[in-house]
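So here's one chain in two forms, each on its own in structure tokens, numbered structure 1 and structure 2.
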Structure 1
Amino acid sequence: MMGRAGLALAILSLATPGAAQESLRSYEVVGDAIPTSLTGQPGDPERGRAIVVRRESTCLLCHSGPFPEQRFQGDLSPSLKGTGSRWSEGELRLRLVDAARLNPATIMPSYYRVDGLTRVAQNYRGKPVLTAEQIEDVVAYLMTLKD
């Protein structure tokens, strides 16, 4: 099954001709996973950790995890501790790209999706929360969280 991202890209380029926006890469969902890297490259776990803890990524609004230096962490969702032993890389990728695909009612945002959203603020319109590279970095980092 092709991800919705490919279609979104087509619609996007029709709607905003000439707009210089990062186009979403298409991806393939197999079962509950996206087995292949969005960029074709493995991510960088160190950069991934930095992305997870920065405010604009929003992860720590809801999650806590092994981030002793971060004073403010959330508890709206499971701790990120041990995610790398609970899920495979491909499963984590889909959970970041579009968690709502697995659980339409989840509160977890879809980090790599631009379609099917309502009233997105102008400065964010047509842009995913994270880029494909950032998704891969975060996946690589989460995979290191074994316990």
Structure 2
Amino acid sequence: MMGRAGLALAILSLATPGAAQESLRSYEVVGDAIPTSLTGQPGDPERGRAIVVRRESTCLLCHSGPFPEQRFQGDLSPSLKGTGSRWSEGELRLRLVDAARLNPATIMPSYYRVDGLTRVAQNYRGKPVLTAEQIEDVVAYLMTLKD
């Protein structure tokens, strides 16, 4: 049986790095949120949905949601349905950037963190999984999921 760390490594090894050359933009964590956009601009919900349902992003390996066209959806983590009603933009942003800040035992990958990680797939070493723009796109999409 695979442990949590092994599962997180397996999940990340399936995806393609989104930000191979991007240097991380600075951000400030306030409480349980990153209240300010990583890019200074709102994301695009349509692009965000495409990222969420794309198998390379790994979201649907653990989460399910309002994606009737997707045959296989995960059940390890909360459904994404109603996400925009449960959390603020800043709370969602922190969960995507570095969920381990909220729960050190989480199996959710840190999509915009590179330091202090162990057992990282070779193609992700020193690279975030998603770009700052992609994080903002996913946040924008998740905020549309109100029901």
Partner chain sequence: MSGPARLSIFAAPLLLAALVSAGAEIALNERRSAYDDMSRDNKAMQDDDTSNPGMLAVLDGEALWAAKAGASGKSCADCHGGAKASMKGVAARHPSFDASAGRPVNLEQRINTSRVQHQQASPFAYESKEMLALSAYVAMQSRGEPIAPPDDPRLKPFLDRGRAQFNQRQGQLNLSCGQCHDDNWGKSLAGNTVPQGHPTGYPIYRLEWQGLGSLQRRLRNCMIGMRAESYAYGAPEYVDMELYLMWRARGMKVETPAVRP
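Numbers follow structure 1, counted from its first residue as 1. Keep in mind that what you see is a predicted model, and the values were worked out from it rather than measured. Rigid core: the largest C-alpha set superposing within 1.5 Å between the two forms.
>> Quick check: structure 1 or structure 2 for the form predicted together with its partner chain?
In response: Comparing the pair, one sees that structure 1 is the form predicted together with its partner chain and the remaining one is not.
> Taking the rigid core as the frame, does I107 move its C-alpha by 2 Å or more between structure 1 and structure 2?
Replying inline: It does not, since the I107 C-alpha is displaced less than 2 Å between structure 1 and structure 2 after the core fit.
> Does superposing the core leave V120 with a CA shift of 2 Å or more between structure 1 and structure 2?
Replying inline: Result for V120: yes, a 2 Å-plus shift.
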